[in-house]
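Below you'll find only one chain, the form predicted on its own, shown as structure tokens.
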């Protein structure tokens, strides 16, 4: 109980509350502007977190991303342009409601269901994370090796598009993670005589390059003024929301739990949670024929799932140090920068920090409602910002953030080069999530593999000698077998389709 009160005191300090409020407003603006994703917004926050203590820094990231995911619904409903990828699943549904004159009901339902989904996700996080952490204290290097490999395997499995391209993306990330000094032997690798590379590729400039520079490059060729925003009567936003939520309470519960579970899969994220929940909702609906015509049930399910996924992603992040999505990958970088290594020992050595994270999540989801309503009221002003002015300002912040990571121009070049490479890869349908997860998990995999090989005296069968490690190993190998079979089957279907009749 003392730990709880200590966390309460740390979160409800005036400066921390002010940071959470400011970050929430920032997140609303980022999410409401089409083209600015929650991940990009998080990357741009990193330079500011340099000057914060751990709890305010985490509070800034959690509150900003929570708001950004909801705010993506605003341009989706008003302009048929999703503000973030997590809102794309039900953009047509919300826009069709606008065509029927029900845009206020759509947005009101979005904000309330986002809050409910987020709180359900936090509840699962609070209940599950400490128990899993206590169990994982018994893990050895074998279990951590398989866990990290399993995380990368799941990232490939849930990535959209070709499994081969996902694997290649993952391989590039692993190659980047090997630059610098060997974590076990202390030998320099792939430094090419450059002292800047001895410490490896810095994670913060790499993340900014992958998510912010890539987005800027993508938008350069398509800068355009957004269409005028139709008027929204904020006073009618809550009218009919309560009855809609009560009518589909089962769908909200199912989608919130499903979103949390999907969020816990490394590399999945809120956008996949929204698409899957929307599809599952349609499958179990009594009126599936109404989906796509402005049906509130689709919005209720998907909007609760994407915010629940945000909380779910923190389960593997806090317990094992394995990022659940690209946002938590950035968070891990921030924690490491603060001298905090995510993992089960955090729950033992710094329980106050963990409880503070839980409280920030609850607080961010509760204040989402008043701030969200205010965001809808201000939507005309936010969506009216010229993109030709916005993106140069973002580029300036990217350069400042990359430089501030280690106070070296080398990191600025890393950011620019990685951003350019990531842009080329994305334009050719290579997913970036496996690459960034591999960059973060690469050292963990290598260190635990080398430790295990030394302990086992080179005997690979020892990786399966313990019950948990053996189970994780079999599951991981089974996933790779499924991926190979699916890839071969898809190739066979393509070859069959190409054969002329």
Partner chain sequence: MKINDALFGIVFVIVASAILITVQSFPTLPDQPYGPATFPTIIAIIMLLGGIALCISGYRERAHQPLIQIAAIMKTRDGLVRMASVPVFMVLYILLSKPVGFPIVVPVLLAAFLTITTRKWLLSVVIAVATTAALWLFFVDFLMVSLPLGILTKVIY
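Here the structure is a predicted model, which is why all the values come from computation and not from measurement. Residue numbers count along the first chain shown, from 1.
In what follows, reference is made to the form predicted in complex with the partner chain, a form of this protein that is not presented.
- Taking the partner from the other structure, the partner chain in the model of the complex has no heavy atom within 4.5 Å of any heavy atom of residue 243.
- In the model of the complex, the partner chain sits beyond 4.5 Å of every heavy atom of residue 291.
- Under a 4.5 angstroms non-hydrogen atom cutoff, the partner chain in the model of the complex lacks residue 194 among its neighbouring residues.
- Residue contact check for residue 491: one or more of its heavy atoms lie within 4.5 Å of the partner chain in the model of the complex.
- Note on the partner interface in the model of the complex: the residue among 213, 364, 106, 322 having a heavy atom within 4.5 angstroms of the partner chain is 213.
- A single residue from the set 138, 198, 377, 393 has any heavy atom within 4.5 angstroms of the partner chain in the model of the complex; that residue is 393.
- Note on the interface: of 454 to 462, 26 to 34, 469 to 477, 66 to 74, the segment with non-hydrogen atoms within 4.5 angstroms of the partner chain in the model of the complex is 454 to 462.
- By the 4.5 Å heavy atom rule, the three marked residues 79, 253 and 275 all fail to count as contacting the partner chain in the model of the complex.
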